[in-house]
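Next up is one chain by itself, shown in structure tokens, the form predicted alone.
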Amino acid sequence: MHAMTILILLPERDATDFSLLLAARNPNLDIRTWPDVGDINDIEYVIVWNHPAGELKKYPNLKVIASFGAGVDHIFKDPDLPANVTITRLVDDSLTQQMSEYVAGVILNHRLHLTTYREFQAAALWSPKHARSGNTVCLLGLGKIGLSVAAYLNRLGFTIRGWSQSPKDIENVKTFHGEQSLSDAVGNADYIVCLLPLTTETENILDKDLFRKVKKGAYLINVGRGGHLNEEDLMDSLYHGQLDGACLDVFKTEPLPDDHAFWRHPNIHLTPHTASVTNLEKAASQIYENYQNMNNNKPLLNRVDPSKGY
């Protein structure tokens, strides 16, 4: 009988703090941090974020792949993902709250010209401007985070439209669903916010076809994934004034290369993938609970449907 072992596979970050939080829940846990995996036969439960492709197929007794965040596209892009392994993701109320505050903050910043005034300050320029009047926000994606953002913006007095793949009925939100209704959803919006999961259907959904359907001067906010955005189409639509600007928190390549055109574009506001950041304490609790569920043959929390990709 092999030992039941948790492997933390987070190549881009120091996993020491997270490992200590897991160990605090049960000092007898066998926790290993990649690349020091020890005997591959021991590994049954892997916590991952942006793992090297092909790595997960090396573990013959793997039962659960746990995403270290809400997104799972980084898992599904592995062409050698082992079949018949349960995949879970983190669902955390603090993530939805952070995202709601971020989206509201970006919209209010744009509406009130706060970044512009910061630039005026540097030039000692006194030039008051009227606040922008646009009040309609279209949310692309109406999952748990989308619902939270909609409710938050509603409380601030915004008119909310929402688009999703399947039909939804949400209080105070005019909903649209399916590919045919996407242009209707975005057509009247002052702000378009992408909160979608990244799947083959949603890749490059923010492209010239979509930008042609928005009203002139709309503002784009992408807090989904970098793969949702066609970068050249965005630059083109900004050049032609179809979009007034964009705030981007996610990128096809992260960190964003320092020679990327986005850095120096006056109408693009960048943040370094900070719209919602995993709370280590809550992540440790949720992952440990699922580890126990696995050992006790109980249903796992926040299972992902591989056929949908989220």
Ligand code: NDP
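Quick note: we count residues from 1 along the sequence shown, nothing fancier. Because the structure is a prediction, the values reported are computed rather than measured.
This protein has a second form, the form predicted in complex with the ligand, left out of what is shown; the following refers to that one.
Of the candidate stretches 209-217, 184-192, 136-144, 105-113, only 136-144 has residues whose heavy atoms lie within 4.5 Å of the ligand in the model of the complex. Shown alone here, Gly227 lies farther than 4.5 Å from the ligand in the model of the complex, counting heavy atoms only. Within 4.5 Å of any heavy atom of the ligand in the model of the complex lies no heavy atom of His260.
In the model of the complex, none of the heavy atoms of Lys282 sits within 4.5 Å of a heavy atom of the ligand. By the criterion of a heavy atom within 4.5 Å, Glu44 is excluded from the residues contacting the ligand in the model of the complex.
Remark: none of the three candidate residues (Arg32, Lys77 and Met294) comes within 4.5 Å of the ligand in the model of the complex, counting heavy atoms only. This chain is displayed alone, yet in the model of the complex one of Ala275, Val64, Leu56, Ala246 has a heavy atom within 4.5 Å of the ligand; that residue is Ala275. Residues of 143-172 that come within 4.5 Å of the ligand in the model of the complex, judged by any heavy atom, are Gly143, Lys144, Ile145, Gly146, Trp163, Ser164, Gln165, Ser166, Lys168 in sequence order.
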